[in-house]
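We begin with a single chain expressed as structure tokens, specifically the form predicted on its own.
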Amino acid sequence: MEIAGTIKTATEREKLYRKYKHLIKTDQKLDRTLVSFQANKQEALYRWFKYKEGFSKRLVKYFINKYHPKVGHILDPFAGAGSTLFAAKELGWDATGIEILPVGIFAMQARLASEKVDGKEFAKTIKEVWRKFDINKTPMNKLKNIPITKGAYPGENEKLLNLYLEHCNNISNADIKTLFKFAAFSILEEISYTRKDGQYLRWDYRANRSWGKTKFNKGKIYSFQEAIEKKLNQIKQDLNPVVNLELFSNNKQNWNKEPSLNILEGSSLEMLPKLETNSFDFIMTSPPYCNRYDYTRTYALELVFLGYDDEAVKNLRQTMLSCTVENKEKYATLRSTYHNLNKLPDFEKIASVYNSCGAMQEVNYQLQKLNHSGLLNNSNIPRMVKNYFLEMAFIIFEMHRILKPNGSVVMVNDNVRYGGEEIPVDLILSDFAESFGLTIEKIWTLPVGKGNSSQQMGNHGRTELRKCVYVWRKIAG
């Protein structure tokens, strides 16, 4: 796709800031704990599995009550581990989520399974599994590692993990089997030489592979038996209704009907165009940020656990929203999708809105200029940024289309900076939204913004980037 325009100054971003300045307000209630995963730590699923991508359930309830207290149907196009879905369901909403990362999908499936499992039967199954567990056996099947996970576990841990999974396959109750597998899924980092660190896995020096310039010691590497027994006991305790009211909500008597929860597996870029127009009352989501994080590397151990081979991981990386430097352009694929749905006029409209956004083209030009001067630490950053915003334009168009009149979109996202160039994600995406017919009600900012990396601060000074929650509304008529 060709980039329109050759703007050479920051005036377009300044114009956009002046246009929306009166809507940018600080909400003192939006601290980092509420907006991040941290506020979920007291909820069962997030105690079981550390899923750091996404916001808290408390944030979902806060914005539902603030903007749409009347029960309806909510959508999260980037559902993650399901914070939006489960929080809304607890308030009596029907909930639909779209998610492409198998890690989040499995977490949601485990959460749903936990609602149907009897705690006493789960405890009984633990005893049965350990009674038959022979650590001296050789596993019949083994997880098929990919290059970036090879050698991730001490030999004994990997052997016992494979044996445990074979025992799980003999559990007759499907929901209990899901929770037993999820228990192992949740301890992979603990029993490995790796630790999740931003956009990649950090390797402990004790692993038989290079660890880079700095010798990293992750601390204790748990034995499989110690980690799995602890995790199963934690789940067992949380399945007790007295201990964990979250899984056994007492609000059901206030519902006119049991709310539904539907998980659609796949890319929002492909699925949103297929959803019915005017079908959702509220959309709340947090898309991947334009920050180079590669979830397929961060969650490589978990993807291998779920059966993904190297080719499948690479295909998944390319199918996800473009937020890493390895993502290739999806322009032709998107055009084909809209052509097959007889929606080419929609495609042309979205592309036109993208190309007519002066601030977007200014960002694209400035990043290309920095790239030609060798001032970016990766030459694919301009391509990633261009593709990220183009794909988000398609997402925003479809969110407007499927939202009911008077419905709202609440989106959490961060601004970013590359080579000293600040990219006002909040303003550009809001400008797209307005072009498609949404009214920009507020751009809420957190009281404390996001700092630079040490390298950015050294080169360009210590300035904060806005961490925002956008609120857009579809006005009736």
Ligand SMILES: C[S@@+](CC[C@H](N)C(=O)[O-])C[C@H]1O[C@@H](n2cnc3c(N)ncnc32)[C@H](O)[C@@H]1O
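Note that residue numbering begins at 1 and tracks the sequence as displayed. Quick caveat: nothing in here was measured; it's all calculated off a predicted structure.
Although not depicted, the form predicted in complex with the ligand is the subject of the following passage.
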task: Have a look at Tyr354, Tyr388, Phe394, Phe78 for me and say which one sits with a heavy atom within 4.5 Å of the ligand in the model of the complex.
output: Phe78
- prompt: Looking at Gln361, Asn173, Thr319, Asn240, which is the one with a non-hydrogen atom within 4.5 Å of the ligand in the model of the complex?
  reply: Thr319
- prompt: Looking at 97 to 105, 341 to 349, 300 to 308, 223 to 231, which lies within 4.5 angstroms of the ligand in the model of the complex, counting heavy atoms?
  reply: 97 to 105
message: With a cut-off of 4.5 Å between heavy atoms, is Pro424 one of the residues that contacts the ligand in the model of the complex?
response: no
message: Against the ligand in the model of the complex, would Tyr51 count as a contact residue? Criterion: heavy atoms within 4.5 Å.
response: yes
- prompt: Tyr295: heavy atom within 4.5 Å of the ligand in the model of the complex?
  reply: yes
- prompt: Could you tell me if Phe63 has a non-hydrogen atom within 4.5 Å of the ligand in the model of the complex?
  reply: no
- prompt: Out of 279 to 299, which residues reach within 4.5 Å of the ligand in the model of the complex, heavy atoms considered?
  reply: Ser286, Pro287, Pro288, Tyr295
